[in-house]
Each structure stands twice: as C-alpha cells, then as structure tokens.
Ligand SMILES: Cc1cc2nc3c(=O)[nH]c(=O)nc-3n(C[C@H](O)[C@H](O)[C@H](O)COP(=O)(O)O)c2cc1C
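Listed next as structure tokens is one chain, alone, in the form predicted on its own.
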Amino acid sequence: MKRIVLGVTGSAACFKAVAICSELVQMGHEVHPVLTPSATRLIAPLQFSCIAGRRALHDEWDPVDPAGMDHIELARAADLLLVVPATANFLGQAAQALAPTLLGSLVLAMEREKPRLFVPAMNPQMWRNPGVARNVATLEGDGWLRIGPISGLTACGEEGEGRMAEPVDILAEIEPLLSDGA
C-alpha cells in the first residue's frame, strides 16, 4: 500500500481524476486528494472525500493539521505525488516554485527523491505554447515524470495534442511506482 497525494487542478478533464482516485483506493492505496480552488469550481471536494475515505483538502486557510501544516505533513507522509489534470497554470507555478495554493505549497515541500508526476490537459494551442514547453522542460529537468498529453478531441472542441491521457493508461504507467518494491 502506498500513500498517494492526488493533486487536482481546474481543468475540464478533472472528472477523470475521480475515476483515478477510485481505482487507486480499490487497489488498496491511501489517497489524499488536494484540489486547487479552481478545481473546486468544476468538481466538488466532497466527491473525492467520499471516494478516498478522508477529507479532500482545498483551502490552505482551513487546515486539518492543528498547526496549519497540511502541506508539510502530506509531503512527508506521501510516497508519490500525482497531479491530474495538470493545467498550464499549474505547470507554470510549479516550474517557477510559486505556491499560491495548498497544492503549490505541497509541491514545494515534496522531497525530490519521491516520485512526482503530472498529467497535462489543455487546449492544443496552449500545449504548443513555447512558455508551456519551457515549464514542462523545467519540471522534467527537476525530476518530474510526465504522462501525456495525447492527441484527440479536447474540451474546447478542438482536435490535437493536449487531451489528458485516459485513467486506465495513467494507472498502467504509474503501476511500477506503486508496487511494493518501489
């Protein structure tokens, strides 16, 4: 069993994060959902709380930890950080070590030796933006692993690379990191 922090950002693809959360829990993992404020405008934290069996965190000013250190405690306890979907905004903030949200603070507190993965989801033109490409390169240079994006129909109705990978494919890619030997 692994302790997984599941970061969820404000993308139309965040509904897929619910399926990933459910599968990880069914596989016996301890999942700690952390949503950005933008994600909570698209999907209810309560849905993640019910599936994960623990409170989904989304407001760093409403901490579970009495000392207000949820980001530190979660980062220390986590075996893996999976951000799905990862928006262009999240990628830029993470690449520049900015922490305007609880998830951003947690990202900064996460040890480099622990697996950190992001699964991009955005409009194809946004994905091709040179600034996004620089941020992705920075994150990968810092040891982050990336899954996707894939080509297909995106939420805006455009076709191209930028569509979030499917939950089954994401789970298959992270499976080696979830095995007991990892």
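Numbering starts at 1 and runs along the sequence shown. These numbers were taken from a predicted model, which means no experiment stands behind them.
The form predicted in complex with this ligand exists for this protein as well; it is not shown, and the discussion that follows is about that form.
Mapping the unseen interface onto this chain, M122 counts among the residues with a heavy atom inside 4.5 Å of this ligand in the predicted bound form. When this ligand is considered in the predicted bound form, A88 lines it closely, a heavy atom lying within 4.5 Å. Although the partner is absent here, L42 is a contact residue: one of its heavy atoms lies within 4.5 angstroms of this ligand in the predicted bound form. When this ligand is considered in the predicted bound form, V25 lies well away from it, no heavy atom lying within 4.5 Å.
Residue-level contacts in the predicted bound form: of L117, A52, V136, M126, one residue has a heavy atom within 4.5 Å of this ligand, and it is M126. Only one of 32 to 40, 109 to 117, 137 to 145, 54 to 62 lies within 4.5 Å of this ligand in the predicted bound form by heavy atoms, and it is 32 to 40. Residues T9, G10, S11, A12 are the members of 9 to 23 with a non-hydrogen atom no more than 4.5 angstroms from this ligand in the predicted bound form.
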